[in-house]
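Next up: a single chain in structure tokens, the form predicted on its own.
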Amino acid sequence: MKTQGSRLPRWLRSEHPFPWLFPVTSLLIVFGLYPVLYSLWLSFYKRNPATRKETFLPSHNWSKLISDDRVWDAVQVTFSYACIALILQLVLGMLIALLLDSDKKGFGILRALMTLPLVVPPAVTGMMFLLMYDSSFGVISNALYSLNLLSPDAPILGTGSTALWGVIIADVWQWTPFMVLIMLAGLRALPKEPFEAASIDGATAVQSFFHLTLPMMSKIIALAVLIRGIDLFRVYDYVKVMTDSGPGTATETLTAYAGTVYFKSANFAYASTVALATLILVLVTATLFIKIFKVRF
């Protein structure tokens, strides 16, 4: 008599890992490797805007990329955006995680509510903050005007000195809960004995935090910084919805510039080159971070 297991296809009864890895590997190749290789192939072609024909000229787009001042401005904006947003999210995430690290009644609900901003699409978040920044009826703008911190003549997203901060605040609002969840998981996994011993020796909460919590959380913090840092380098939704890289190019990141070249100029070859340059920049930065801080997965 055949058992239920014997009626299954042979590949389902195999202990070889290939049948089980094949679906995921196929998805990675189709949606990950193929677009990168196709972009690399496009970057070797020069597009003629008049005839809309492409000529194989490998050095054209890459030499243009190096001499493009707008690319270097976008690199500066990208690094500024990523560093500022990352520091704010890390500090706020740790502080909120310390506040929520409790088993008292109601704290479980608060921890669950922290995940709500994460389910909002970034484009929707950008539209929400765009309305709140409106100089006529925006809640945030009117509050800043009433405190004499800003003038109605210089709207938040319409001024070069404040536009980038306006976009960063939207990013911080949405992704700080991600940092909170990671920090909270790390805090609740820490052993209690060192903290009990420090308390007996008379150490204050601040001393315990800097001498015990931070050293023991260093690997988790480094991993969180790496994940969020990579994600921040490819920011596009907030910039596109809220400022469209303006005013001027004050909020134009590399991905936003690639999108502008692709959709507005229809120069697919050069847009692919900018996108590949962004990928290379992310890989180099992430590798240096892993080497310097010795991040282990």
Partner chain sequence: MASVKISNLKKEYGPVQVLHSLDLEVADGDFVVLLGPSGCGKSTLLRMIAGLEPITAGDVFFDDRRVNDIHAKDRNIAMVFQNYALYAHMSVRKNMAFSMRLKKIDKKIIDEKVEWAASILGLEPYLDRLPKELSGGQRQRVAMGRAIVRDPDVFLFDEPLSNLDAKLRVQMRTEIKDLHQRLKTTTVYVTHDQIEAMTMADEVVIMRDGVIEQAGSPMDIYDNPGNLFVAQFIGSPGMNIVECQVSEANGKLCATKGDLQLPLPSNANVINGQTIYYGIRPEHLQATRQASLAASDSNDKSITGVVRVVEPTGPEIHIYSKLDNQDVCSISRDRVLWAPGEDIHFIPDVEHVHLFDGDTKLAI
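Residue numbers count along the first chain shown, from 1. Please read these numbers as outputs of a predicted model, since none were measured by experiment. If you superpose the two forms and keep the largest set of C-alpha atoms that fall within 1.5 Å, you have the rigid core.
The same protein also exists as the form predicted in complex with its partner chain; that form is not shown, yet it is the one meant from here on.
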Of the residues 96, 198, 222, 86, which one places a heavy atom within 4.5 Å of its partner chain in the predicted bound form?
-> 198
Though its partner chain is not shown, can you say which of 204, 151, 115, 146 has a heavy atom within 4.5 Å of it in the predicted bound form?
-> 204
Go through 115 to 123, 152 to 160, 212 to 220, 67 to 75 and give me the stretch that gets within 4.5 Å of its partner chain in the predicted bound form, heavy atoms only.
-> 212 to 220
Classify residue 103 as contacting or not contacting its partner chain in the predicted bound form by the rule of any non-hydrogen atom within 4.5 angstroms, answering yes or no.
-> no
Spell out, yes or no, whether the shortest heavy atom distance between residue 194 and its partner chain in the predicted bound form is within 4.5 Å.
-> yes
Rigid core superposed: residue 147 CA moves 2 Å or more between this form and the one not shown | no
After superposition on the rigid core, does the Cα atom of residue 200 shift by at least 2 Å between this form and the one not shown?
-> yes
